[in-house]
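In structure tokens, one chain follows: the form predicted on its own.
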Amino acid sequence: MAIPVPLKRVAEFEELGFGMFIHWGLYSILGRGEWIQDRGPIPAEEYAELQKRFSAPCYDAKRIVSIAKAAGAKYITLTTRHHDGFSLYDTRGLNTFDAPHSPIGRDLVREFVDACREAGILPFFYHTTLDWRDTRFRDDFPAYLQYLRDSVEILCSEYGRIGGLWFDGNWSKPDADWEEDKLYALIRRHQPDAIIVNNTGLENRGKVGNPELDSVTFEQGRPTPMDREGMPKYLAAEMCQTVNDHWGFGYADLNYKSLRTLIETLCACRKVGANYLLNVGPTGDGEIPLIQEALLRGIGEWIDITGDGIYRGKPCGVLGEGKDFALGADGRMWFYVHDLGVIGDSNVTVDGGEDGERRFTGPMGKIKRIRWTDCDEELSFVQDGDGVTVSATAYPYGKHLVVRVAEAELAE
């Protein structure tokens, strides 16, 4: 069976490759994660008092976007409203539980969108579909769904072109009629080119949902290859992941992933053609914690050194051994090589590095040359009918990139 051709918006989304997720709201003031109202539990009226403390004196949308840009992120998905029902945007009379009616007194989504546009980053909007505060969610679900659509219409009509909308919460009522067709038709009316995502949650990673959706989600789990043969529509894939153990800021959550893990996860996503959406949780004051910023900038340094194959390259049927893999596009291939050592005395380096052959098999054109993208060193190789064996040189002393990238130029 044939694989469907991706719609233009879906193809462009796949080329973005890497994005920043931002979970920020009233829960950030408490610094105990985004689910603290429910997990506390904290009574709704008591929790709502946090609105009076939401002044966020350090919130600077331009600085946050600049960090994303330095990380190599091509898009940012911001929690415009999370499950507590508090909105970072002006709800224009739907309620007063929003940022303009807090001490900060501003439409923070407007500032976010303006900063993204200035920096050439594509803004995406996360929006909850469940609501712990609004009693209609429990008592009058059709009325609540109309409120949800009215809220989303503001986001679709007041901020210019956006990259997409990222919904989360339908898993809270798995047997309910969420009237998704009405919601998605509204979006298409205002934002015909927007990517629409509806997170299926931890238990349903990669599950295909409503026909209008453009991507499946892999929450907190590495994506598996998509089998698109016979699909009525080509769907993208996206993995979203926390940098520690919580989406929202947790002052006592020190379980941060290493830079090595984050780089390898980005590579694992691109290996199967999926995007990687990495989350940060700003503090209640509105700042991204320094350790999170440092990890993001580290990813950006890796991308700067290893090249743009991580965006341009696509799965091409060429396989490596172990974690190694290849991507291809436009007459080029990129070989992603893991676990190389560093050349040096065993008393100086952790692991003495030696040159090693790496084998890649599958359909490929005739290779003219292969070079490391980080230093332009040409690599020797032997190509045969089944693939290519590359002599992958170890890192020189003073360098270790976690994953090293070799670019191959193909004969025309």
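Every value quoted in this text rests on a predicted model; they were computed, and no experiment measured them. Each residue number is its position in the shown sequence, starting from 1.
One more form of this protein should be noted, the form predicted in complex with a small molecule, which is absent from this view; the next part is about it.
Colleague: Based on heavy atom distances of 4.5 Å or less, which listed stretch (28-36, 364-372, 42-50, 66-74) is in contact with the small molecule in the predicted complex?
Modeller: Stretch with heavy atoms near the partner: 28-36.
Colleague: How about residue 166 - does it come within 4.5 Å of the small molecule in the predicted complex, if we only consider non-hydrogen atoms?
Modeller: Residue 166: contacts the small molecule in the predicted complex.
Colleague: Any of the heavy atoms of residue 23 lying within 4.5 Å of the small molecule in the predicted complex?
Modeller: Yes, residue 23 is a contact residue.
Colleague: Does the 4.5 Å heavy atom contact test between residue 336 and the small molecule in the predicted complex come out positive?
Modeller: Output for residue 336 is no: heavy atoms all beyond 4.5 Å of the small molecule.
Colleague: With the cut-off set at 4.5 Å between non-hydrogen atoms, does residue 271 touch the small molecule in the predicted complex?
Modeller: Looking in the predicted complex, residue contacts with the small molecule do not include residue 271, since no heavy atom lies within 4.5 Å.
Colleague: Since exactly one of 325, 126, 302, 137 fits, which has a heavy atom within 4.5 Å of the small molecule in the predicted complex?
Modeller: Looking at 325, 126, 302, 137 one by one, just 126 meets the 4.5 Å heavy-atom criterion.
Colleague: Can you pick out, from 107, 214, 131, 219, the residue that has a heavy atom within 4.5 Å of the small molecule in the predicted complex?
Modeller: Of the listed residues, the single hit is 219.
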